[in-house]
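Let's start with one chain on its own, the form predicted alone, as structure tokens.
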């Protein structure tokens, strides 16, 4: 497979704190690449460095389809085909679901006005929001808001979709639906990177997973390999986490 995203020695400091410390990894076209790690491990900061929102790396290089995007503005990176979501469910609460998604279609996609409607309809359908199209975003449930945020990203037809903790706060049935949704989104031409604390979901969808801790890359491999690596698991999650990993691996 061709490499879609390449991150080389990415580093970000906030004063004396090194939030991302010399991290390197590559993501191939068509895969789902998971990122795991405890709170404060640097996962979201890494997303920020890739997308330029709200800051860039202090050192290192980010390349997309072989092009150096390390210092590009966020809207230029978006135009290249990189879209993301955020941990907090972000939406314009006083606008309808359809209007929220339309904003994603209009901003930086290069679509002509007559293409907007088709793109919006496709995003609403793929995220199962068609029935809610005329509801105000502020009236939606937590899970519906999460799907709205993803719809507002996929409406641009990105080559790379970056999901930051989409499972937070969801119940068991919603987690199952979200897992199926993520797998369905990946069946097209969209590569996905997902940050997630819910390990059954992360391991269920990911082809490979990178584990981060204290801003560094701790390990990378298939979910099955990580679930068998007692040294990595104990260092990352301790005995309780080891049990969780083994339960997932069967």
Partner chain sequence: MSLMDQLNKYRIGLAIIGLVAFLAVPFVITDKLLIHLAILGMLYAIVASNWDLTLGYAGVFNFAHLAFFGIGAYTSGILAVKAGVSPWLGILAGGATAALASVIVSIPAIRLRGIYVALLTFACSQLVLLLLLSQPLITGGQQGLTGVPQLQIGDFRFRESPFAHFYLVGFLLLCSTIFLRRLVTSDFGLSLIALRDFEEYAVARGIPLAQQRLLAFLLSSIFPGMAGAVYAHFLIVASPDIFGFSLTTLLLSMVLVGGVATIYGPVFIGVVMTYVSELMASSAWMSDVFGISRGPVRFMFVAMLIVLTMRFFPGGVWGLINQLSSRVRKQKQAAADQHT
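Residue numbers count along the first chain shown, from 1. No experiment lies behind these values; they were computed from the predicted model shown.
Beyond what is shown, the protein has a form predicted in complex with the partner chain; the following relates to that form.
Q: Kindly confirm or deny that 74, 90 and 103 each have some heavy atom within 4.5 angstroms of the partner chain in the predicted bound form.
A: Answer is yes for this spot.
Q.
If the cut-off is 4.5 angstroms on heavy atoms, which of these, 149, 127, 97, 120, is the one near the partner chain in the predicted bound form?
A. Of the listed residues, the single hit is 149.
Q.
With the partner left out here, check for me: in the predicted bound form, does some heavy atom of residue 143 sit within 4.5 Å of the partner chain?
A. Answer no; every heavy atom of residue 143 is more than 4.5 Å from the partner chain in the predicted bound form.
Q. Using 4.5 Å between non-hydrogen atoms, is residue 188 touching the partner chain in the predicted bound form?
A. So residue 188 does not count as contacting the partner chain.
Q) Does any heavy atom of residue 84 come within 4.5 Å of a heavy atom of the partner chain in the predicted bound form? A) Taking the distances in the predicted bound form, the answer for residue 84 is yes, it comes within 4.5 Å of the partner chain.
Q. For residue 59, is any heavy atom within 4.5 Å of the partner chain in the predicted bound form, or not?
A. Heavy-atom contact with the partner chain at 4.5 Å: absent for residue 59.
Q) Out of 195-203, 180-188, 217-225, 46-54, where are the residues with a heavy atom within 4.5 Å of the partner chain in the predicted bound form? A) Of the options given, it is 46-54.
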